[in-house]
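Below you will find one chain, with nothing else, as structure tokens; this is the form predicted alone, and questions on how it binds or moves follow later.
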Amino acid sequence: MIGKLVKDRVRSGKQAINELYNTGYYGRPKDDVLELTLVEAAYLLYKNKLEITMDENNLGFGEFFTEASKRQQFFELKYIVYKDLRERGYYVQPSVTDFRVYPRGGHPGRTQAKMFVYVRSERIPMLLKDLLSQYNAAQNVRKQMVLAIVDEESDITYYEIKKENIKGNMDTSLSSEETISATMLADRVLVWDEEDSKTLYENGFFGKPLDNERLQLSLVESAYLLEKGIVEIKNGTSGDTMDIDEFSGMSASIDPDFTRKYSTYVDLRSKGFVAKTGFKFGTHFRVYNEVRSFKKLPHSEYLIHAIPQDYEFFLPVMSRAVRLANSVRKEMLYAVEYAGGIEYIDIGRIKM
């Protein structure tokens, strides 16, 4: 079978339609010509099912691979993923992302494609907006969104990308007969009264006991309780009572991520979750679906990191976060604030 390299396609004759498309679903027939993408052509050349010419000269695999790399950005990455998927038994075709992949046992014309696959190098940062653009393209046609990351040794890690509508079971109501007094000291808030401390800790799992009588609250917990009117916070330096704007401003000067973290914390509480610091896991929060016993905490469901809309993923960092979450039996979610609320993006490793 002979094909001719023309711009970013390899074109072959009618016989190729019968032998390559009708049996293996390579390329796309156009009249009496089969048009193959560069990655399809390279794979067929590697499998000795196709010869490729350019300027009347036959190209060896290395020559074609080099030429294709000049004509298509990230060609080598896409070839690595295409070859891997084909050799795992999938039929693969080009799509609005990088590849449209059919379920095993299915093929074009008989079954719907199962997933869209988006290919990235581990070395190149990925903008959140680019990831969501690919995700939305997949969702528009009800396909699973898969991110294929190729590392420097050409190993591939596959991740499923999806948005989660999460819901917890914790009773979020909290009331106190009198406003609870607390003091802002350095980078945390202290509740001094034993009964007040017990009320907050045992009715919502707020804070962490400093000792048997006193409770320390994180900045986001303190802001939440202040805005709800549950606590009154005094500045430990001046002794003045702080309103929510003053407290939030001071908190943001201490923690640059405070504003995003607080928006996410409020949303999680409203959804019936208990959110505690995720510092030990390298994230903003570890999240519990429900807490009934404080002596024996349940398993937390999620690790959540609050990110801005212009966030840029550094893929080795993302890989570590997802791997760690999986190793401790949690889901890794990224929380993004929009005008309509918080969206939670689930990034999880999958086996193909």
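Note that the structure is predicted; figures quoted are calculated from it, not measured. The first residue of the shown sequence is 1; numbering continues from there.
Absent from the display: the form predicted in complex with a further copy of the same chain. The rest refers to it.
Of the heavy atoms in Thr283, some are within 4.5 Å of a further copy of the same chain in the predicted bound form. Contact between Pro103 and a further copy of the same chain in the predicted bound form is not found at the 4.5 Å heavy atom cutoff. A residue is said to contact a partner when one of its heavy atoms sits within 4.5 Å of a partner heavy atom; Arg123 meets this definition for a further copy of the same chain in the predicted bound form. In the predicted bound form, a further copy of the same chain sits within 4.5 Å of a heavy atom belonging to Thr237. Comment: 274 to 282 is the region of 104 to 112, 163 to 171, 274 to 282, 128 to 136 lying near a further copy of the same chain in the predicted bound form, near meaning a non-hydrogen atom within 4.5 Å. Taking a 4.5 Å heavy atom cutoff to a further copy of the same chain in the predicted bound form, the contact residue among Glu202, Asp155, Glu178, Glu195 is Asp155. Residue in contact with a further copy of the same chain in the predicted bound form (any heavy atom within 4.5 Å), chosen from Leu324, Met54, Val33, Val291: Leu324.
Along 23 to 52, a non-hydrogen atom within 4.5 Å of a further copy of the same chain in the predicted bound form is carried only by Tyr46.
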